[in-house]
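Quick setup: one chain, the form predicted alone, written in structure tokens, and binding and motion questions come after.
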Amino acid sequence: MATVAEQWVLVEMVQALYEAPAYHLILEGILILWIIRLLFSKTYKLQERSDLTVKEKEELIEEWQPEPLVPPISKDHPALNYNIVSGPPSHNIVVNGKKCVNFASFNFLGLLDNPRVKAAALASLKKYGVGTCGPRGFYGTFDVHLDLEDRLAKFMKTEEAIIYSYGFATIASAIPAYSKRGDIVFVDRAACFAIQKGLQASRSDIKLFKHNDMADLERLLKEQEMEDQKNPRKARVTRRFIVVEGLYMNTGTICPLPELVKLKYKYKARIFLEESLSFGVLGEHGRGVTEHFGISIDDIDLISANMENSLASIGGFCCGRSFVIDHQRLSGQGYCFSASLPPLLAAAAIEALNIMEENPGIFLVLKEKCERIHKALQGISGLKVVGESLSPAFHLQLTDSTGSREKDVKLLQEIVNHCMDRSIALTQARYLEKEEKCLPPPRRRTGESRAHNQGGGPGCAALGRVLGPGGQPPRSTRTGLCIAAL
């Protein structure tokens, strides 16, 4: 019986062998051959390294040249030759001991030296001390922080607001709090460096569209829509964001928000709006680009801005719907891990908001001064103005390039020094050239402020005279200055 049973098992094995698929037999054959090879292959011992003599070790040490920790930097590098400011950077500024008209800071509403703002900060300093020494979640939340968040939400007419202790970290923390790996972000090529760092931290799929070119953005959105149709399952879990600035730092131009809102609803995307320059500048009451265009705040998914320009304080904020803002309290890295905003700066921001609400006419005054200085700088030989006439931050760019960025930057610095010798403080726009996604051309950045021409002489006219015919040194390069309106 045993022999018959063994024969029957053998027959079943043969039948199974014939019925098995070909790939199964090939795989088993490869595994059997691999096992046989391992069994009969020779084993090798690693060659033992002979010890070096003391003389050989010393020779190797003498020959070894370590790489520098940092690349060599020229002594003429701007970071090593900075200007020293004495006193508040208000309408007039003392730079390296010389009094100048300030066209270099972003104190747009002139509140930096406002007596009410300084009194509020001083009272807070006496009550709370200098800092907080703790993040918001670890005994770093003071009542003045909650008051400021409430005031910002009411001012912007949103459900809730959240404040950060550093302006740059605001949008850089907000983007990765929502956009993750696998999500898609459509972003303007002229986006500021803080947005770029936020996108980098999000690890999302980034699609750049031409600056303020809605046709190019729609082209990318259509392409993505076609890709989604090929894989609807993936499309259902992929989030799409459009990230823009209300008033662009690198160009001084305004985003076409009405067209963006239309594309948002057409292609089911979310809009993140960075308003660091437009907050406290655009709109009848300074609420930014949404008020400027008459767009409902509910059409924007998230608004962020810093408090370091118009509010003359430090830090930044985000505002929007409550469920959107609450998510940042658990996921915003700058909020969770940084020490909270010093109470004195929060109190200063609240008082600045009070002034903005009590005196809405200051925004009209700022607009008029921006248009005046923009007009005064038109027609200057070798220079062209880049930016909107109602923007308090715009660029002066030389019309023709030498063909070398290094030479353009050096030439630009000569013009800055020329203005400084004539008591006009300007600044050159600086970029981390190796880090920028789309490096802008060298420029001089200029800022206009409501305080210009108030108690400090005709600043706009003085700037026009210095850079105008007979004042500007003969130059020809495509570069720019950034001028801030004071």
Partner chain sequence: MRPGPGGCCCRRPVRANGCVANGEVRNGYVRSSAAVAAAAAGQIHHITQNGGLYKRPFNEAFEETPMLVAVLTYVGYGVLTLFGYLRDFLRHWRIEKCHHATERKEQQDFVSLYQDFENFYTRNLYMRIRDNWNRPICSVPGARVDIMERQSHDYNWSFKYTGNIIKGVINMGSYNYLGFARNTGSCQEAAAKVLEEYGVGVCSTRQEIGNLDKHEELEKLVASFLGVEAAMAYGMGFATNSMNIPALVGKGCLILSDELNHASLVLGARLSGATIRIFKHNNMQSLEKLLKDAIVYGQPRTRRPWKKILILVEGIYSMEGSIVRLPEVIALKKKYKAYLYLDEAHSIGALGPRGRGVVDYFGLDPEDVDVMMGTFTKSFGASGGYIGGKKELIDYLRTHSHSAVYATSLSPPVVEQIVTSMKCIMGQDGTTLGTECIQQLAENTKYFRRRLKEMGFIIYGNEDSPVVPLMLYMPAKIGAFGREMLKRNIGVVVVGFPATPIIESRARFCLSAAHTKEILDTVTHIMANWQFLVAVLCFKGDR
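This structure is a prediction, so every number in the text was calculated from the model and none was measured. Positions refer to the first chain, counted from 1. Between two forms, the rigid core is defined as the largest C-alpha subset superposing within 1.5 Å.
The next section is about a form of this same protein that is not shown, the form predicted in complex with the partner chain.
A single residue from the set 241, 363, 248, 209 has any heavy atom within 4.5 angstroms of the partner chain in the predicted complex; that residue is 241. Though the partner chain is absent from this view, in the predicted complex it lies within 4.5 Å of a heavy atom of just one residue from 379, 97, 87, 258, which is 87. A residue is said to contact a partner when one of its heavy atoms sits within 4.5 Å of a partner heavy atom; residue 264 meets this definition for the partner chain in the predicted complex. Using a 4.5 angstroms threshold between heavy atoms, residue 132 counts as touching the partner chain in the predicted complex. When the partner chain is considered in the predicted complex, residue 68 lines it closely, a heavy atom lying within 4.5 Å. At a distance threshold of 4.5 angstroms between non-hydrogen atoms, residue 143 is in contact with the partner chain in the predicted complex.
Using a 4.5 Å heavy atom cutoff, none of 189, 290 and 374 lies near the partner chain in the predicted complex. Residues within 4.5 angstroms of the partner chain in the predicted complex, judged by any non-hydrogen atom, belong to 264 to 272 and to none of the other stretches in 282 to 290, 264 to 272, 383 to 391, 211 to 219. Counting a residue when any of its non-hydrogen atoms is within 4.5 Å of the partner chain in the predicted complex, the hits in 344 to 364 run 344, 345, 348. For residue 421, a C-alpha deviation below 2 angstroms is recorded between the shown form and the other one after rigid-core alignment.
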